[in-house]
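Heads up, the chain below is alone and in the form predicted on its own; it's given as structure tokens.
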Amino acid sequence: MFIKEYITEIAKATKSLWTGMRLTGHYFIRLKTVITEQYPDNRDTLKMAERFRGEVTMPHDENNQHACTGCTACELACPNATIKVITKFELTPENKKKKALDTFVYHLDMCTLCGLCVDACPTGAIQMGQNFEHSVYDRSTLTKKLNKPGSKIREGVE
């Protein structure tokens, strides 16, 4: 009995191998039916899906203004402390203290790309980007400061 089961298993494995090799041979002979994306040669034309979640970004307008008020809602929503919002107090023209963003630190190496921070932001100051190439040799380059130097909060954002 043992020999019969052994030969049956070899026959099934050979049939499975032949099925896979036949499909491989089909694409090898018919080069015009290539179904593989040629990455990284297609970077210029590559468009990720709308729902794709890349790294967190903070868009700035042409005047170097952003919509972040420094409320730290994104920092509180982050499940693994990827975001650190450092705030400062500025004097308004009425001599009142107002909290403002000093530094927005984002640790991409700890981020799970869940998007909870984007959902929690009341002003829409941060969003998920389209970048997906995060391979680096130095891990410290994955810690990013999202607000640009000299940037200010956009007028009308509270």
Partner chain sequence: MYTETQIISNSNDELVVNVGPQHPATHGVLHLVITLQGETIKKVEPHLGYIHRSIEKMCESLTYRQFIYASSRMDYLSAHINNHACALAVEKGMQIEVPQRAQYIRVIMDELTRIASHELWWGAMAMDLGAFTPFFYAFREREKITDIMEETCGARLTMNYMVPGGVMTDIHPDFQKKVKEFIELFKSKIDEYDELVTGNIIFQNRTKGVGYLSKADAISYGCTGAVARGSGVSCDIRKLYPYDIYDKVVFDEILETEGDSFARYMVRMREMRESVKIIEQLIDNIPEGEHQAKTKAVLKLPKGDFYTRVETARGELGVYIVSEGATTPYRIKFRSPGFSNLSALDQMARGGKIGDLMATMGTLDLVIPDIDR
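Only the largest set of C-alpha atoms that superpose within 1.5 Å between the two forms is called the rigid core. Residue numbers count along the first chain shown, from 1. Predicted model, so just to flag it, every value in this text is computed and none were measured.
Keep in mind that the form predicted in complex with the partner chain is missing from the display, and what follows is about it.
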Does the partner chain come within 4.5 Å of any heavy atom of K145 in the predicted bound form? no
R53 versus the partner chain, in the predicted bound form: is there a non-hydrogen atom within 4.5 Å? yes
How about D41: is it within 4.5 Å of the partner chain in the predicted bound form, going by heavy atoms? no
So, T92 and the partner chain: in the predicted bound form, are they within 4.5 Å at any heavy atom pair? no
Which one, T103, T112, N131, N63, lies within 4.5 Å of the partner chain in the predicted bound form by heavy atoms? T112
Note that the partner chain is not shown here; using its position in the predicted bound form, name the residues of 67 to 98 with a heavy atom within 4.5 Å of it, in sequence order. L76, A77, C78, P79, N80
After superposing the rigid core, is the C-alpha displacement of H26 2 Å or more between this form and the one not shown? yes
